[in-house]
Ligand code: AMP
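A single chain comes next, written as structure tokens; it is the form predicted alone.
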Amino acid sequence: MTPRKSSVIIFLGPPGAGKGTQAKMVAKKLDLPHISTGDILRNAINNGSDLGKEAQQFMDKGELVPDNIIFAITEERLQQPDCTHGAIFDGFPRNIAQAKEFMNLDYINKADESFAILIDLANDKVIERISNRRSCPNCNSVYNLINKKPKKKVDGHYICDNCGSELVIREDDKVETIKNRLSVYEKSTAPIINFFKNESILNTVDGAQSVEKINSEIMHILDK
């Protein structure tokens, strides 16, 4: 029997492009762990690890967690048994410095294959998609008025299908905030696209398509 290849898959793209959705779908299909820095930071903090305590100090002050702590926590996560055959990274690395350090990790160099998948979406589509999100403050369900509309509306307000709470627009989903997030993305994250292109691992998928079509194209890329 041929040994299973180890694969590193990195998802890139602007906020609202669907990176998290696709990362979860691919993780399930390929039986690989879906790693996001937000999740591993929260886990390190909840577990009370030394690295988690260090990260907490920065987060409590509203500061970004330094790269050296992010990488230490990431390497710690990659040593777990479920990462033996690879891992899927969602929203990380976020800038050129991180991308260079990421590609120098022993774990990445030992992988049989690496893919950077850019889910490309125009700014106006990003704004339209995110600004139509509605969230439940009680059970954390997320809706979208374009393609996942809640069933009920009371006195002009949308109501959660699951728990009946009034839905809200999160601060992150307001138009001005989205524009700021796009500005940050274009300055720091977008240059990574050229970096991975030069590494010859970049693949681009049109993010304006349906979730199913995007996933089909991604699986085709990974099956080559």
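Think of the rigid core as the biggest set of C-alphas that the two forms share within 1.5 Å after superposition. Throughout, we count residues from 1 along the sequence that is shown. The shown structure was predicted, so the numbers you read here are calculated from the model rather than taken from an experiment.
The same protein also has a form predicted in complex with adenosine monophosphate (AMP), omitted here; what follows describes it.
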query: Contact check for 124, 147 and 174 against adenosine monophosphate (AMP) in the predicted bound form, heavy atom at 4.5 Å; finding: no
query: Close approach of residue 64 to adenosine monophosphate (AMP) in the predicted bound form, 4.5 Å, heavy atom; finding: yes
query: Adenosine monophosphate (AMP) contact in the predicted bound form: residue 114, any heavy atom under 4.5 Å; finding: no
query: Proximity of residue 197 to adenosine monophosphate (AMP) in the predicted bound form, heavy atoms at 4.5 Å; finding: no
query: Contact test in the predicted bound form: residue 59 vs adenosine monophosphate (AMP), heavy atoms, 4.5 Å; finding: yes
query: The single option of 41, 178, 32, 160 touching adenosine monophosphate (AMP) in the predicted bound form, heavy atom within 4.5 Å; finding: 41
query: Stretch in contact, per heavy atom within 4.5 angstroms of adenosine monophosphate (AMP) in the predicted bound form, of 101-109, 116-124, 88-96, 148-156; finding: 88-96
query: Core-aligned C-alpha movement of residue 109 between the shown form and the other one, 2 Å or more; finding: no
query: Residue 140 C-alpha shift between the shown form and the other one of 2 Å or more, rigid core reference; finding: yes
query: Pairwise C-alpha change, residue 142 versus residue 215, in the predicted bound form against this form - closer or farther, 3 angstroms or more; finding: closer
query: Relative Cα spacing, residue 142 and residue 30, in the predicted bound form - shift of 3 Å or more; finding: closer
